[in-house]
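We begin with a single chain expressed as structure tokens, specifically the form predicted on its own.
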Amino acid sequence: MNKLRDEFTIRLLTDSGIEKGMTVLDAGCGSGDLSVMASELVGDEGEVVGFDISENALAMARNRIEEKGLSVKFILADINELPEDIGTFDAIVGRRVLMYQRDAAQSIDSLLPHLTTNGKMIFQESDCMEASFCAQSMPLHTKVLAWMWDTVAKEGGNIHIGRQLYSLMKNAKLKISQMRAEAILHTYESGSDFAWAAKMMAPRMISHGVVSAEEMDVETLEDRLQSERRESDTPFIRDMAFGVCAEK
């Protein structure tokens, strides 16, 4: 359940001017979440191409696109070694991609030749920002969030990439047209994908020694988290989303 995060993404894309007839490149498309959103916005008149380094992720993306009756082309490629014949696009988009690049600035430079003049580069990234006001009333949420970010850091992810988006785009000689940040809040009433995300990351958390299987107790985690939200009078910052639109 990624509804809250997806709402931020859709607003970022639409406010940045993604519309019918445009050509869009989805960088590091993974299982195709962003490709679906972009395809729905550009319609049959437009074109979306997604690339990723994982063939398994691309297989999932192709299945999702087929189920939704959309048309997206997916290719196996590295962000720093894109084939020249991939062409140029009106917009290049990405979500939680730059945070996993060894050199985010280099990755942006690698994308620039595939962006048309006046084209838009639109990225959404997360940032590990303190949510200390949750610590007392939501200790389990705070602990699980720390596990997640510790795991990302151990995997080489840049846990402060969100706040760096502005300087990355400026240093790439792009014109910033908009920059935004928004706390993704979860409450008992809003529902939450937090337990789902934690379960998905559980094998990685455990393998990196961030938490033991016994302490995490994945089978009861969702119930414990939901109970904590029910009893708390404080919203939980599930994610701090940063978004940028910069023009070439």
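The first residue of the sequence shown is number 1, and the count goes up from there. Bear in mind the structure is a predicted one, so any value in this text is a computation, not a measurement.
Quick note: we don't show the form predicted in complex with a small molecule, though the next part is all about it.
This chain appears without its partner; in the predicted bound form, the one residue of 72, 97, 108, 122 with a heavy atom within 4.5 Å of the small molecule is 97. Between the options 101, 151, 164, 177, the residue in contact with the small molecule in the predicted bound form by a heavy atom within 4.5 angstroms is 101. The closest non-hydrogen atom of residue 78 lies within 4.5 Å of the small molecule in the predicted bound form. Under a 4.5 angstroms non-hydrogen atom cutoff, the small molecule in the predicted bound form lacks residue 188 among its neighbouring residues.
In the predicted bound form, the small molecule lies farther than 4.5 Å from every heavy atom of residue 213. Mapping the unseen interface onto this chain, residue 195 falls outside it, with no heavy atom inside 4.5 Å of the small molecule in the predicted bound form.
Checking 40-48, 177-185, 205-213, 23-31 against the small molecule in the predicted bound form, the stretch whose residues place heavy atoms within 4.5 Å of it is 23-31.
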